[in-house]
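Shown below, as structure tokens, is a lone chain in the form predicted alone; questions about how it binds or moves come after it.
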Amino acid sequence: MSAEKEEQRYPVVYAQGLSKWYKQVIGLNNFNLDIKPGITGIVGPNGSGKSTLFKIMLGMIRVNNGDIWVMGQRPWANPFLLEKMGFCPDYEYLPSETTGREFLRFVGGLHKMSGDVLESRIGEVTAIVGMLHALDRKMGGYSKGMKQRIKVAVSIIHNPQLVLLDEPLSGTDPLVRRDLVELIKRLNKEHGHDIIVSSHVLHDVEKMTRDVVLIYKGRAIASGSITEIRGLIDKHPHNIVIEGKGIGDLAKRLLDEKYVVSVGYNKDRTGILAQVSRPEEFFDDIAEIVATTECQVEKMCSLDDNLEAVFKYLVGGIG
């Protein structure tokens, strides 16, 4: 990347008192943000305002109140800033009858690239994302993972400073998710792109970066390192369902643990709902605890895997 990018000192994105609404629907509400260079995760449930924030960063929509600077400039009606940004949306937009190479040529042309320079760059970006082998195949025959890779290639064809990735792992299987996570990390570490990636799964973002912003109902309710965010979340009592045979022995045993707040049976007493204050300790200990009982666990899951309950807790706890 250029020396200009290495010398950058201003925040990648800085927002203060940002608000955006659509008639009676609030997209962002007095939103504050300070994103430094590197990889930053924007994590929140669906409908929390992540896509609205991305559209504002890209200058696609105008804010109602507050202000935002992207790489030191205001994004609204700023085509010069847009040239420094790449965007990978969460929706499907690739034309099925077009090959990957044809589409990259089209997008490169929109960025005023042509000839040998464009062809060379197409080779570079498809090598980066691992799609050289499928470059001349029609995109309608691409798998979900291949489509995500070519979308990332499209977003970096013009070598932007900042890349916005909106839910890039959504709908992919575990192996593809792992590969995409590694690709995103390489885009920053090896190719110098600053990256803002959105997700509704904290665990996915945690594999890419230590810098996270939690967004809920249009508000940035927490930001910082993943350690700080985990500390906030783990203060929230987690509800864990455990089902199996001989579950009564396990229920009694769990009550001996200091981090178990309560234990209750389901109607037919084939399962229990345990509320724990320190979920990480619980999951570290549970195998050993079960081994000390006659219980045979058939199913165990956290009701708080969906972040909705956690975000409601944080909103109430942080104010």
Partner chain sequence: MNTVAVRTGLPAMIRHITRKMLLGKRIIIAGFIGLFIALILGYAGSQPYYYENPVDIGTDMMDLLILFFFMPIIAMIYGTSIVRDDIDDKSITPVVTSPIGRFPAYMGYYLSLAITLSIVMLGITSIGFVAFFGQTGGDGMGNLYVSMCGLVIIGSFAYSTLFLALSVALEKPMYMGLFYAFIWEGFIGSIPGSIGKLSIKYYLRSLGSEWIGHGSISRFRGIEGADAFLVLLLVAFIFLFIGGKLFEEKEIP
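The structure presented is a predicted model; accordingly, all values stated were derived computationally and were not measured. Numbering follows the first chain given and starts at 1.
There is another form of the same protein, the form predicted together with the partner chain; it is not shown, and what comes next is about it.
A.B. asks: Among 273, 60, 26, 261, which has any heavy atom within 4.5 Å of the partner chain in the predicted complex?
C.D. replies: The residue in contact is 60.
A.B. asks: Of these, 96, 227, 114, 120, which has a heavy atom no more than 4.5 Å from the partner chain in the predicted complex?
C.D. replies: Selected option: 114.
A.B. asks: Find out whether any non-hydrogen atom of residue 107 is located within 4.5 angstroms of the partner chain in the predicted complex, and reply yes or no.
C.D. replies: So residue 107 counts as contacting the partner chain.
A.B. asks: How about residue 82: is it within 4.5 Å of the partner chain in the predicted complex, going by heavy atoms?
C.D. replies: Residue 82: contacts the partner chain in the predicted complex.
A.B. asks: Evaluate residue 278 for contact with the partner chain in the predicted complex, applying a 4.5 angstroms cut-off between non-hydrogen atoms, and reply yes or no.
C.D. replies: Contact with the partner chain, no.
A.B. asks: Is residue 103 close enough to the partner chain in the predicted complex to count, meaning some heavy atom within 4.5 Å?
C.D. replies: Contact with the partner chain, yes.
A.B. asks: Since the chain is shown here on its own, which stretch among 199 to 207, 85 to 93, 241 to 249, 177 to 185 would lie within 4.5 Å of the partner chain in the predicted complex, judged by heavy atoms?
C.D. replies: In short, 85 to 93.
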